[in-house]
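For reference, the chain that follows is the form predicted alone, supplied as structure tokens.
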Amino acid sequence: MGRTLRFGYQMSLVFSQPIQKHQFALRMLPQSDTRQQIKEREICVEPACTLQEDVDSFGNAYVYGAVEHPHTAFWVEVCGVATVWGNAALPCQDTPLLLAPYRFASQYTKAGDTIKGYYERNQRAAGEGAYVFCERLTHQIYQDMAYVQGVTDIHTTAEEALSGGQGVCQDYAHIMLALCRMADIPSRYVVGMMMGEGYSHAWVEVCADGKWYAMDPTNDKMADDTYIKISHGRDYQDCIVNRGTFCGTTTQTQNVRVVVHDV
């Protein structure tokens, strides 16, 4: 029996000067799959505008729109109800061509000397199954990294984060992706929400024995029924929640608040 969760994802942008002709695309829409069923979902945007929904090349749903008139703030909220089966895995029956983007290094997961050395010390043993290896990596990264906010940013690569030995969920996920791909295991970056109140979270899905398994090296666990998935891609770059352009000279401040709790 699944666990039913109510979720809310709020994001606000405040601009120091009015902007206009603001075009945006928002990847913050959880979708139903074999692991989660989205029973309710509503999106609200201010200033109000016409929204259109589409799916990107990785299968992630997103909405896009435009606010033409001048404004100094932009606010969006996605809320709803999801039933999650924590012990379920997603089918991984894609062709080698479709899996190719998840097999090779991407912008954030290129291996330097630190990643290569770490892999040599923890490499996949002869005969070791992909699932067992990835589960072992989850434990090892958790032990060897320290969760510290403010020492990395959205531009930090796996190599840089592992060299420093500190970071946040984005860094843990990128490190694991780099190592899994060195072992020729398709793996993808996941953005979603966890039980509680705070920010969005990042973890990893690995393809083993025909299934995508969700593993969270930041918390040393499998993603269970307290996790709601939003999107996946090769790395952080493919899962950026808000992309947009506008006319105007300004600085902007972004705030995010995520809330997930039992119904």
Partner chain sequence: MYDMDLLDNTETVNRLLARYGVKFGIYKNNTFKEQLFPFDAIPRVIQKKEFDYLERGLKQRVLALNLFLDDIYHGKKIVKDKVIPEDFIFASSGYMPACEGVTPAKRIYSHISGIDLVKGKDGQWYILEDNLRVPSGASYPMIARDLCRRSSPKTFRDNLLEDNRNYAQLLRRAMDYVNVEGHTVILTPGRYNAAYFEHSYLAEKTGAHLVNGSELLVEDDRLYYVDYKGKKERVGAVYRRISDEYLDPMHFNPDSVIGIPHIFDVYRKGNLALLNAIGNGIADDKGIYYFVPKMVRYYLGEEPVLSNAPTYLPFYETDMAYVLAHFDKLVLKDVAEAGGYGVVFGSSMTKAQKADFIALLKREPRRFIAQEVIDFQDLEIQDNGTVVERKADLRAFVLMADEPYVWKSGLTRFSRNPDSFIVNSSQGGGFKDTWVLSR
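Source: prediction; values computed, not measured. Positions refer to the first chain, counted from 1.
Not on display, but discussed next: the form predicted together with the partner chain.
- Though the partner chain is absent from this view, in the predicted bound form it lies within 4.5 Å of a heavy atom of just one residue from G86, G164, G80, P101, which is P101.
- Taking a 4.5 Å heavy atom cutoff to the partner chain in the predicted bound form, the contact residue among E40, E197, D54, D209 is D54.
- Judged by heavy atoms within 4.5 Å of the partner chain in the predicted bound form, the contact stretch among the candidates 172-180, 92-100, 187-195, 129-137 is 92-100.
- Heavy atoms of V14 never reach within 4.5 Å of the partner chain in the predicted bound form, leaving it off the interface.
- When contacts are judged by a 4.5 Å heavy atom cut-off, Q254 does not count as touching the partner chain in the predicted bound form.
- For the chain shown alone, T249 is not a contact residue for the partner chain in the predicted bound form, no non-hydrogen atom being within 4.5 angstroms.
- The shortest heavy atom separation between R234 and the partner chain in the predicted bound form is within 4.5 Å.
- Along 60-83, residues Y62, Y64, G65, E68 each place a heavy atom within 4.5 Å of the partner chain in the predicted bound form.
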